[in-house]
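For reference, the chain that follows is the form predicted alone, supplied as structure tokens.
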């Protein structure tokens, strides 16, 4: 019953997860929430760029690109 939580960057390509926590200050959390990234939302990794490049994710029917540093601070639970 205890599900594993991982950073978004460790989620496999085309993997789906539920956002558990946004680790960071108020400004960081506000920036993500304005983009629609909130706790409880389902998120899917669409593509990962090589050499520690950005990730493209799908959330709420929209695709967006997140830098690795930002994605590292999004904690998810695999579905």
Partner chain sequence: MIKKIVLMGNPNVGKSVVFSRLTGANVIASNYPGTTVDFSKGKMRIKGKPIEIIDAPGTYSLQPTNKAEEVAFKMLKEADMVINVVDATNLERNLYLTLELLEKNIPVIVVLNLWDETRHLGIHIDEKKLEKLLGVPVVPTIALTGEGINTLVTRIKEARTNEEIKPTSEEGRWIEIGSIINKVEQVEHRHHNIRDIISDLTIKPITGIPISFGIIFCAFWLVRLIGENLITYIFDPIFNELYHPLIIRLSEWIGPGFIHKLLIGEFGVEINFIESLGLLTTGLYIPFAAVLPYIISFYFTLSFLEDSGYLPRLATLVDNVFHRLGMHGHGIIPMFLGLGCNVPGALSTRTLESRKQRFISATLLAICVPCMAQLAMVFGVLGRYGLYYIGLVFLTLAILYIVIGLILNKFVKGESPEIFLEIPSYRRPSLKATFKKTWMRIRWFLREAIPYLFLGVLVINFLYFIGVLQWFGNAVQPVMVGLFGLPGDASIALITGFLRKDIAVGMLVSLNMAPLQLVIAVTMLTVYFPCVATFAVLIKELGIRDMLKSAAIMMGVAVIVGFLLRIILLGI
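Residue numbers count along the first chain shown, from 1. Bear in mind the structure is a predicted one, so any value in this text is a computation, not a measurement.
The form predicted together with the partner chain exists for this protein as well; it is not shown, and the discussion that follows is about that form.
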Using a 4.5 angstroms cut-off on non-hydrogen atoms, would residue 62 count as touching the partner chain in the model of the complex? yes
Does residue 40 reach the partner chain in the model of the complex if we count a contact as any heavy atom within 4.5 Å? no
Taking 4.5 angstroms as the cut-off for heavy atoms, does residue 11 touch the partner chain in the model of the complex? no
Given that the partner is absent here, does residue 20 sit within 4.5 Å of the partner chain in the model of the complex, heavy atoms only? no
Just to make sure I understand: among 16-41, which residues lie within 4.5 Å of the partner chain in the model of the complex, judging by heavy atoms? 26, 30, 31, 32, 33, 34, 35, 36, 37, 38, 41
